[in-house]
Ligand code: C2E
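In structure tokens, the next block holds one chain alone, the form predicted on its own.
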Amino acid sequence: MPVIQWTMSVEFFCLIVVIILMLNYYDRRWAASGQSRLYSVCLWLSAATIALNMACVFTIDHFHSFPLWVNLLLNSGYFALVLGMSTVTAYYLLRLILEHVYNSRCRRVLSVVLAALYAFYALLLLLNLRLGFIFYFDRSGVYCRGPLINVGYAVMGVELALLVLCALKNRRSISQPMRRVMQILPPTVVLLVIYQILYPDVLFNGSIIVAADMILLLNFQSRRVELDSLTCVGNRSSFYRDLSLRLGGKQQFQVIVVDIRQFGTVNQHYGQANGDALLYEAARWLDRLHSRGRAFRLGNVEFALLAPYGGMVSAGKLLEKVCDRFRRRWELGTLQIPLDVRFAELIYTDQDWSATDILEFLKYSISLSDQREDHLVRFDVSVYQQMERRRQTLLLMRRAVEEDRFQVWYQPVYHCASGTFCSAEALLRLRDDQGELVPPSLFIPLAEETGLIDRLSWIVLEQVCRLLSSDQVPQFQSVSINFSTQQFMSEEIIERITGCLNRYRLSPGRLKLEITERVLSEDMARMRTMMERLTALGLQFYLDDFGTGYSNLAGVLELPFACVKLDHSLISGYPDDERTSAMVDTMLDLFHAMDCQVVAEGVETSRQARAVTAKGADWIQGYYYARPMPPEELAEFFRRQEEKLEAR
């Protein structure tokens, strides 16, 4: 019979396509989740359905060679299997539709309905063995369609309609790939079913199955792009997408961020392969921790767990589990690997936040974790207020740059040998909109973090050169200014400094450049080159904040520093604390032996001033002698100092 032969060819082609889809999809690492395993079941059912359909066509065509019970059994199995495949696929689609909906009531109800529809159809198939209202074989053994042959299509239509209604109800929480599937799959299936009904002599079921599987596989391929290639959990873009969908559906959730510090040492000590294996194990542990949670890799060594929020008690227990696990060592074979970890937590309960807001909140919380003893920050009102103050400060700084509102204040430095003030350190100051001073400890780190420090440093240079060239403070011999890493990374640093000095007709010796060891550590080779070039032009360098924890005497000895400034943390215990005194005395002797002058910073009492002077400090800078002041007060300060000298 030619029609059956043609149908067999189409079905055989569809079976080949399904096998190709299965080979393309199969991957042990990717097929780890419940949903991916469910799609794998859909593919296997598709292949089995098409193969069984081909067997049925063959036995129907050769009915004389097979007993009647074989045809009845094969065709009943086919009808049961094709609707079973449809029901499993519908359940798989249901899970994808409700993937970002934590309320499981809708899924439970529809799952029961799908099961009930299939049970109803299975009952019809059992009754069909006696009544033949779906299909039957006449007395001669020829296959005949019954009056209810299309009931299976009706059940599929009901399943499809339920999925569409569910998608419409939860449209705010459906991902874009899933929306495309729901836009393409239903009309495609409906058109193919209509074609099958209009042309009942052509078996088109395999084509319907293949079309559905291909549409679903395209969705899976797009989802793989959102998975991290090393850990097989979601990446940063999928985390942002999941947040947006949870927010869109008003889903309450908890986010826990795990930030691993100094992971380079793990790779160095245990090897790159073990480092990668550790990241994989940590990600998979997080992903399996909560039955409805999902893990993401936000950065190289930063992970997040997104889970439904079930109240403060359950949220606290989940956070405790994460913190406890990551604070313990990780076992890789015989290795016991410790990690240096920071944590942040955020709970969403219908606040007016966007996904971008949440990412910003988490990033800021992690940045604060170093300041906490347990290295954990739980985002709350106080953290938000602190972050908002930071944001307002940044806006203020940007406006101040544009409106030229930054001021340079000067803290006079006492010269011990002459007993006079002839230099000062330039310090940047900023007032808010109410005229109150913004603490430098707040806006300076923020400027360094956001890159504004570059513009601010050049503002300081310009104002200092302008003051030195004026007659406002004639007693000034030199002013020191602080330079950051960004200045020394600029190719224009020498041109800009010399240009500013030439513009105000100043000799290079009147300008001192202060840098910290943290700046040196960024790129020691480049810093050495730039310092040597600038020193050759007549500028001098001061090593600032010596003793704050970055100290590297070997590096200091190699660089052309004219002066070292002992940090106030060393001077605060001097001369009462024996260990501090021994350290300060040693530093003074050492740097003098290196032909470096020494500035004692943070001197606040007469006892400290007398002690460091007696020990041989060259300069003293601190509140005992003078606080930072604006230029107009600075001129008055020097005038009073001259009067005191004349009175002597």
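For clarity, every value in this text was computed on a predicted model and none was experimentally measured. The first residue of the sequence shown is number 1, and the count goes up from there.
Although not depicted, the form predicted together with the ligand is the subject of the following passage.
Choose one stretch from 361 to 369, 526 to 534, 344 to 352, 436 to 444: the one whose residues place a heavy atom within 4.5 angstroms of the ligand in the predicted bound form. Going through the listed ranges, the match is 436 to 444.
So in the predicted bound form, are Gln411, Glu514 and Gly602 all sitting within 4.5 Å of the ligand, heavy atoms only? Yes, the whole candidate spot contacts the ligand.
Please identify the residue among Arg398, Arg284, Arg429, Arg496 with any heavy atom within 4.5 Å of the ligand in the predicted bound form. The residue from Arg398, Arg284, Arg429, Arg496 that makes the contact is Arg429.
Which of Asn235, Asn482, Ser175, Ser207 has a heavy atom within 4.5 Å of the ligand in the predicted bound form? Contact residue from the list: Asn482.
For Cys563, is any heavy atom within 4.5 Å of the ligand in the predicted bound form, or not? Although the ligand is absent here, Cys563 would stay clear of it in the predicted bound form, with no heavy atoms inside 4.5 Å.
Residue-level question: is His568 within 4.5 Å of the ligand in the predicted bound form, judged on heavy atoms? Contact check for His568: yes, within 4.5 Å of the ligand in the predicted bound form.
Can any non-hydrogen atom of Leu279 be found within 4.5 angstroms of the ligand in the predicted bound form? Leu279: no, not in contact with the ligand in the predicted bound form.
Is Met182 a contact residue for the ligand in the predicted bound form, using a 4.5 Å heavy atom cut-off? Result no; Met182 lies far from the ligand in the predicted bound form.
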